[in-house]
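What follows is a single chain, given as structure tokens, in the form predicted alone.
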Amino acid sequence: MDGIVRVVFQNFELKSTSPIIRTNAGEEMSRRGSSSNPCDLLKKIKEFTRCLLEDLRRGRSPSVTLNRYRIYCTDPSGKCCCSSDLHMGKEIVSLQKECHAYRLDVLLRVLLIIQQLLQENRHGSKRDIYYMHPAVFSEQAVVDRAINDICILLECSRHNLNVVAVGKGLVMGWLKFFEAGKKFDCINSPSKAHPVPVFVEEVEGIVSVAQYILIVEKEAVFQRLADDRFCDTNNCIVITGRGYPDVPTRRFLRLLIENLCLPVYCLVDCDPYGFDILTTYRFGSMQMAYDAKFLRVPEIRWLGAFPSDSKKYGLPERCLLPLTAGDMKKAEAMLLRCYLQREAPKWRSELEMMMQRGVKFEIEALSASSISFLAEKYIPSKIQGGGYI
């Protein structure tokens, strides 16, 4: 432990500053009031490691106090005070526990890599960091947790650390923007897919004549709409996170809404996992609860697919699949999330209806009668007729 702390500390080249972070149990850290520019983050890293070294020199067991955040609890009454804007208690990571010693070792190794990225103004992915010490880290989840801990410790977002995700989101429609000086003109070919920008902070000059934004859960549905030239005949922007959305997709969506002030609709599979993806867009994820207020989209409207759509649109029985035991378990757990009762009771009712009926179906099932049904009838009629929640 002493060795890795000294490496991080000695690798820092700027002059020492007054204390910013203190690491003993019970000591407070300011919350997001300070700057997240590279110079300030490097100063925080130096002060953090200086405090750890001081503890070691004095024969004290170093400990790190981390604020903890959550976006929901399991009080279905909704009468709790859960909020991602405020921390919900603290966690003390100390060398006195063997599992904490390993966690601190990982945290410091990851912190050293992040320090180097900031000093050299370079970017790296979470996977890049994992392969720096695969034998020590053992699995990607260990690195992911350390990165989240460092974000909380330094009071910043992940992109401030120069840690980027390999983008997987796609966008098409009536939109133009620049990323790091490079022009992306979707308007010239509205139904052509473009990758969602990874460096969202470098996006500027956003221009659009779209009337709304449509999020679709899956790439297959996105491609179906592209093949049907949906955006050619509907002035909109279509985005997919290709399943659970990554951070760049959620940040880019948040940026578009803030700049364009457009209504946003979401189309997901009628199953518990589609519902969970929907809530990730609106409320954020528990894993990154500390950053949820910068990623969530509270304006989102659920366009479908609803349990009632199976009868309304006459889906064949072959398209309806029974909910598995795993599906039921996931749905039951989601019903307990406090934010559904407090902020989206109608969404909760639809989830209850899904469980009562005991069946699920994919978005594509709506096209059983006509391959272009989604683009030509389902989506336009729902938006125009207010068939959303």
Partner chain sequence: MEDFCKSSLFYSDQHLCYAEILPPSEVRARIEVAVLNFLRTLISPNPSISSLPLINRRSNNRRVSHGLLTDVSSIFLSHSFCARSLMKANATKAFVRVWKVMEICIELLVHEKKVTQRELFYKLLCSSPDYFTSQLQVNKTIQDVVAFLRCSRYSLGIMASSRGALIGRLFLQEPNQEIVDCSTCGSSGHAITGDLNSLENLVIKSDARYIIVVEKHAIFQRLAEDRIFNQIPSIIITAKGYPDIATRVLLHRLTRALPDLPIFALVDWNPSGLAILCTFKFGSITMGLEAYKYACNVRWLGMRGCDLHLIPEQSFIPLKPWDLQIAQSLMSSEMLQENYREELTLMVQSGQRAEIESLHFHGYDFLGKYIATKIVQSDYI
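Positions refer to the first chain, counted from 1. Here the structure is a predicted model, which means the values were calculated and not measured.
What comes next is about the form predicted in complex with the partner chain, which is not displayed.
Peer 1: Choose one stretch from 99-107, 205-213, 253-261, 192-200: the one whose residues place a heavy atom within 4.5 angstroms of the partner chain in the model of the complex.
Peer 2: Selected stretch: 192-200.
Peer 1: Does the trio Lys90, Ile92 and Ile187 actually contact the partner chain in the model of the complex, every residue with a heavy atom within 4.5 Å?
Peer 2: Contact check failed for every one of Lys90, Ile92 and Ile187.
Peer 1: Hey, in the model of the complex, does Asp227 get a heavy atom within 4.5 angstroms of the partner chain?
Peer 2: Looking in the model of the complex, residue contacts with the partner chain include Asp227, since a heavy atom lies within 4.5 Å.
Peer 1: Evaluate Val297 for contact with the partner chain in the model of the complex, applying a 4.5 angstroms cut-off between non-hydrogen atoms, and reply yes or no.
Peer 2: No, Val297 stays farther than 4.5 Å from the partner chain in the model of the complex.
Peer 1: Hey, in the model of the complex, does Gln223 get a heavy atom within 4.5 angstroms of the partner chain?
Peer 2: Yes, Gln223 sits close enough to the partner chain in the model of the complex that at least one of its heavy atoms falls within 4.5 Å.
Peer 1: Does the 4.5 Å heavy atom contact test between Leu321 and the partner chain in the model of the complex come out positive?
Peer 2: Leu321: contacts the partner chain in the model of the complex.
Peer 1: Out of Glu350, Glu362, Asp327, Asp40, which one falls within 4.5 Å of the partner chain in the model of the complex, going by heavy atoms?
Peer 2: Comparing distances to the partner chain in the model of the complex, the residue within 4.5 Å is Glu362.
Peer 1: Taking the partner chain in the model of the complex, which residues of 137-173 have any heavy atom within 4.5 Å of it?
Peer 2: If the 4.5 Å heavy-atom criterion is applied to the partner chain in the model of the complex, 137-173 yields Val164, Ala165, Val166, Gly167.
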